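Have a look below at one chain only, the form predicted alone, in structure tokens format.
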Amino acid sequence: MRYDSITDVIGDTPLVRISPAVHGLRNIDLYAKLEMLNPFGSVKDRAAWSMTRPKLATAVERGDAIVELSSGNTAKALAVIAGMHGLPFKSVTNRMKVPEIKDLLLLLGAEIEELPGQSECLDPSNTDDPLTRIHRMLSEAESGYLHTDQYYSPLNLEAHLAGTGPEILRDLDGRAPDYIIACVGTAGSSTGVATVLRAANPGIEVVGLVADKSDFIPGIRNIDEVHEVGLFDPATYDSIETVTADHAIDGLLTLVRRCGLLAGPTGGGAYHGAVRHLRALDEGLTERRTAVFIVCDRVESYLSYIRKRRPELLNQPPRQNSVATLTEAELAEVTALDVDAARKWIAEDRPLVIDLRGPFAYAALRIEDSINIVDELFDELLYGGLPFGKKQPVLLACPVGEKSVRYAALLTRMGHPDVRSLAGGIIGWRDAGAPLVRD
């Protein structure tokens, strides 16, 4: 095939059947929509081109910069498109967590504005989130920006209403599948595809997959984060289920090793969530059904992510003390104090209170005399030397008390006899009317 531009190659990705010998489903045909085969490597190629194309001529004439809140595939696709048209691209983010993506963006000539406070311990009370920062920037006089606005733009949705959804119908000979399983990020692909397929088959079951609150999975938001996305509508989904980082990597391994699909963690999470959901339905079926899941991007950009969480897969020794190695029994043994008990313990025994949130949120509202160690830094200090001894009583606090429980369990395993977690986190402390200070 011959094309005039690389952007003409976006879309028309294959729909590939997964062998029953791999997934084990007896009555359901499972298909993967391979968005990883878009020219810039992901499902976001569609949205990036859809959002820029209508305003591109004006942006080129004015010399505007394309700007987006993205630390991943949307940023990558926009950086390529901007460069093709002689425009600068700027990514504003506090979630630049994958080194390979950052390096690639820099190679593509992107400007990256990283806000302080990168943290997996995401905080609903953060006062300077990237979306706010972008809208403030765009409100400046003569800003000269083309803001693609992936979390709210209907053009993100339109890319899948006009492309991804109809392609699935076409490749299934005009018959919509019985199930569609998709990870939820900006919610553009899952909403657009679900809308098209439900119009063709009102009985379709739509399953949205979100990340576990204590985990970071590139491209998937957790249940709290999806509600911050303008395109997200809970009514789109018949059910919303959770996948963990381990689920995503397990699914990735199956796709890579058994299916020849070089899928990233999002595709791995989609495969794992699909098989788990469908397996519960499979035995009760009396007629064949069809299911589709979306493989969003490729694995090569996530080797550092895999190395950090599953080093043994890359022939490296596993870290003996890591959150990923905790057992349910260890987590159950953690002393989690409610607000009243925590205030009493602080007053009587003066434990070291460690706030795991990002510095912006910490500066905005914090427990008096607490110290701030962002969770990612705390994770590294576990191996490089903590700034307190084993005899020091410690109270760990994060936004809602989930991450702190895990680190408390880990410190207990490492020989710290008196480490406790603040139940409900800083949000629970605030909602209980307990005193907080601010800079």
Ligand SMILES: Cc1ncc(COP(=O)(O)O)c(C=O)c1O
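All residue numbers are counted from 1 along the displayed sequence. No experiment lies behind these values; they were computed from the predicted model shown.
The same protein also exists as the form predicted together with this ligand; that form is not shown, yet it is the one meant from here on.
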**Q.** Heavy atom within 4.5 Å of this ligand in the model of the complex - the one residue of Ile367, Leu105, Ile220, Leu146 that qualifies
**A.** Ile220
Q | Ala77, Leu252, Ile180, Cys183 - the one with a heavy atom within 4.5 Å of this ligand in the model of the complex | A | Cys183
Q.
Contact with this ligand in the model of the complex for Ile81, defined as at least one heavy atom pair within 4.5 Å: yes or no?
A. no
Q. Would Cys296 count as a contact of this ligand in the model of the complex, using a 4.5 angstroms cut-off between non-hydrogen atoms?
A. yes
Q. Does Gly268 reach this ligand in the model of the complex, with heavy atoms at most 4.5 Å apart?
A. no
Q.
I'd like to check something about Tyr362: if you look in the model of the complex, is any of its heavy atoms closer than or equal to 4.5 Å to a heavy atom of this ligand?
A. no
(Q) Only one of 187-195, 307-315, 284-292, 254-262 has heavy atoms within 4.5 Å of this ligand in the model of the complex; I'd like to know which. (A) 187-195
